[in-house]
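Given next, in structure tokens, is a single chain: the form predicted alone.
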């Protein structure tokens, strides 16, 4: 599904990732772990082609990550960032921005499983907590039903109960591949395996 070989990344002359090789299988749940500044978020951006490695290669579903294939690769992914600053006012507008469609029952179902009532998707993001906003963004992204889900510090604004609900949602049936970046020990244990950076 996802293969990286001998990738390296530097910022301002400082090496962040050095000679990293890994493989993530279809349907696997893998967490990149490590302290802040170890390149976890940058690695997720590399998998989408927003940051290019200084050396090495990345392939997704047999396609080399390059300019020719990037649109196809991204169409298989849903990315949930750590810091959610969006050009929309609520969850309904977010879904319409991403899909161009009115909300489907799927997003309401996932939101409910994450502890978010349907009415909250229409509330302004400035009227709800950071954790509620994060769960709405997660629900919208999961409703896209992409094969690969990328989550950057998914527990950063969530309490223990909300983390448990998110884990239950991601444990559901299907061939979804989950790739996350976190230093939360509970989340790392939830993954099938972790890759330390």
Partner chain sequence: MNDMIDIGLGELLTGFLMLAIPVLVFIYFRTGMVKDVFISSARMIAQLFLVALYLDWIFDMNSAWINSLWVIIMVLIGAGTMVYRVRLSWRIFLVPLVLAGLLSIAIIDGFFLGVVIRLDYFFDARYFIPISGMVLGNSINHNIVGLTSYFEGLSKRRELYYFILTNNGSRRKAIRPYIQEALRKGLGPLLANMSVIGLISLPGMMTGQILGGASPVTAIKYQVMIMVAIFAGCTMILIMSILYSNIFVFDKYGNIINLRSGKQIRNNSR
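Numbering follows the first chain given and starts at 1. Remember, predicted model here, so these are calculated numbers, not experimental data.
Below, we turn to the form predicted together with the partner chain, even though it does not appear here.
- Using a 4.5 angstroms threshold between heavy atoms, residue 9 counts as touching the partner chain in the predicted bound form.
- Heavy atoms of residue 160 never reach within 4.5 Å of the partner chain in the predicted bound form, leaving it off the interface.
- In the predicted bound form, at least one heavy atom of residue 52 sits within 4.5 Å of the partner chain.
- Using a 4.5 angstroms limit between non-hydrogen atoms, residue 78 touches the partner chain in the predicted bound form.
- No residue of the trio 120, 132 and 166 has any heavy atom within 4.5 Å of the partner chain in the predicted bound form.
- Think of it this way: in the predicted bound form, the partner chain has a heavy atom of just one of 170, 128, 144, 63 within 4.5 Å, and the residue is 144.
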